[in-house]
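Listed next as structure tokens is one chain, alone, in the form predicted on its own.
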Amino acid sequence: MIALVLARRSMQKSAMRKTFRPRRSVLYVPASNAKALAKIASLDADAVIFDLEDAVAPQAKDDAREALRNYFRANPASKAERIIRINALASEWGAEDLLAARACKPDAILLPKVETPQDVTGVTEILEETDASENIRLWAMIETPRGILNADEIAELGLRSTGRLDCFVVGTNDIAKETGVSTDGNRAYLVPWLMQIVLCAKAGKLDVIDGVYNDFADAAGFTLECDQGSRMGFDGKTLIHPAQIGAANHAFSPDKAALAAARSIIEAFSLPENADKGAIALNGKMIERLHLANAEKMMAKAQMTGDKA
């Protein structure tokens, strides 16, 4: 009986595992900006967020939705993951945004200012009731004090096979506005909250994307913040300008030394004498199977992004 229960749990966990998608560079593009939409196909961003919210003025919301419908009709496929950020359902534009986003069939819909699990499950129920494709996932913006405090409960939805939740996106500008915290320097006052969001996301098996760097002309500062975000455990960074794509892709990709080490771990565990071992000695270090899992994940990521050891 115990073995049967464990087997069922293992099957449930396997069913909940998500296909890996590189999300090193996630570019915001206003849905109302025709020139920006036309350039997307030529960019190397891993993902694009088509924005119907902050980047679109109230009087331009209707036109932006129509432009988005036309864009997806003309471009049914994309090398980049495609996400549509809608306005909050409680706003006057939210319902129309959700209907338009659902019709476009993007890879995901990004929900702004998520503060409770119900903010996500409510949209999930609407998608289910309207027979939306199961391939449409949900991303959640964590950008308010309440959202940070409830991030653990929200992230638990990532463990449900029916939850649709795949990713957290941090809204650092809104967090700063809501709290008055300084974002100058190395974000010292913001880091504890960012780490809390990262921890909750990882507990829910979610990806988590760092906030934007506002001064897109400051390449050196952007590079430093990307490096900081990578070291903190973020999977990528949201961007406001195409010029930031290359630096983000580099910062959130494993370096050659890390890839070489990962390859060594995989090769060592593949040896017949190590097949049944939980831990082995390699280059003077004790290596466990958790290191093998991390190594395999890193190599899979490298293969997807074209990086080589």
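Everything numeric in this text was worked out from a predicted model, so none of it was measured. Note that residue numbering begins at 1 and tracks the sequence as displayed.
This protein has a second form, the form predicted together with a small molecule, left out of what is shown; the following refers to that one.
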query = in the predicted bound form, which of 248-256, 60-68, 32-40, 262-270 comes within 4.5 Å of the small molecule (heavy atoms)?
reply = 32-40
message = Check residue 164 for me: does it contact the small molecule in the predicted bound form (non-hydrogen atoms, 4.5 angstroms)?
response = no
query = Counting only non-hydrogen atoms and a 4.5 angstroms cut-off, does residue 212 reach the small molecule in the predicted bound form?
reply = yes
request  = Report whether the minimum heavy atom distance between residue 85 and the small molecule in the predicted bound form is within 4.5 Å.
outcome  = yes
message = Against the small molecule in the predicted bound form, would residue 216 count as a contact residue? Criterion: heavy atoms within 4.5 Å.
response = yes
